[in-house]
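Given as structure tokens, the chain that follows is alone and in the form predicted alone.
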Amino acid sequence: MINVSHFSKSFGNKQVHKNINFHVKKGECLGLIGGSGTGKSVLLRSIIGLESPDSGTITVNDQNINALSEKELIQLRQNVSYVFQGGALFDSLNVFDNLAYALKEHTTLSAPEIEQKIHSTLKQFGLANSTELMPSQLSGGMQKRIGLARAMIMNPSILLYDEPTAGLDPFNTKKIKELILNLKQTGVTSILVTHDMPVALDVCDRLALLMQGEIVEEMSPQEFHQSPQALMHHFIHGETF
């Protein structure tokens, strides 16, 4: 579903990525692990065409992202949803209108059909009574769940999660983890960028460690538990190597 091949990216004199290679199979969740400033979010933005590589290619559903026109990218983004770290809700719109925006712009659903879909989605996310609330009235956990609900409203085949549990209390972290697992069971392909190793180990099929612009290690959660000398163990314990 996603293939990143020999991807390199610099901003000015700073090289963020050099020769990045990884793939994600259909229905798989890849955990992208790495320190702050290693460019994990840059990779996610590149997958939906918001950043262009200096060299290398990214293909999604056998489409070369960098060969697509803006119109083709818009069509692609209807099947690839980005769950932003802070929710990224429209401040001036209530919850209902935040979710309705994409449905009105990109579908032919009638007003009653849009309303039914929104209420059904919010109920699924445990937010049935939130339609009239403004983003400023939502807790951080609710904003992230609304952001995830908005990302799912178009039934995408691929989800890109950017730190979905960052800054959340244990209750909301558990809720987000359960939602990711539920979506995974529906066959959604995903990449999870996170520093939350317990969540990553619970929901991901594979983990990839990004350091100094490269993927330096890749393994399954089972292999992680069986390999105490792995670089990922050193990374999460803050050790040098």
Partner chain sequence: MTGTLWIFLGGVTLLTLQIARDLRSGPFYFDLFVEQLYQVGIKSIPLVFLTALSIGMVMSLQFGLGLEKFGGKLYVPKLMAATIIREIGPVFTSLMMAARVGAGFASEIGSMVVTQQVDAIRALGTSPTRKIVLPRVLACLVAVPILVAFANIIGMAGGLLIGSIELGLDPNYYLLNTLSTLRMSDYFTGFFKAVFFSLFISLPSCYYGLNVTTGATGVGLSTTRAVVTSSILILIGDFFLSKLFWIIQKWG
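Rigid core here is just the name for the largest C-alpha set that superposes within 1.5 Å across the two forms. Positions refer to the first chain, counted from 1. As the structure is a computational prediction, the values presented were derived from the model and not from experiment.
Missing here is the form predicted together with its partner chain; even so, the following discussion is about that form.
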Worksheet, complete the sentence: The one residue among R45, R206, K184, K177 placing a heavy atom within 4.5 Å of its partner chain in the predicted bound form is R45
Fill in: Contact residue in the predicted bound form, chosen from E113, D169, E105, E132 - any heavy atom within 4.5 Å of its partner chain
E105
Item to complete: May I ask you to state whether A88 is within 4.5 Å of its partner chain in the predicted bound form, using heavy atom distances?
Response: yes
Worksheet item: F96 near its partner chain in the predicted bound form, any heavy atom under 4.5 Å?
Response: no
Fill in: its partner chain contact at R77 in the predicted bound form, heavy atom, 4.5 Å
yes
Practice prompt. Indicate whether G213 is a 4.5 Å heavy atom neighbour of its partner chain in the predicted bound form.
Written response: no
Worksheet item: When its partner chain is placed as it is in the predicted bound form, which of 187-195, 46-54, 27-35, 59-67 ends up with heavy atoms within 4.5 Å of it?
Response: 46-54
Discussion item. Pick out the residues of 130-158 whose heavy atoms come within 4.5 Å of its partner chain in the predicted bound form.
Written reply: R150
Worksheet item: Superposing on the rigid core, do we see a C-alpha displacement of 2 Å or more at M134 between this form and the one not shown?
Response: yes
Discussion item. Does I74 move appreciably between this form and the one not shown, meaning a CA displacement of 2 Å or more on the superposed rigid core?
Written reply: no
Worksheet item: Q143: CA shift of at least 2 Å between this form and the one not shown after core fit?
Response: yes
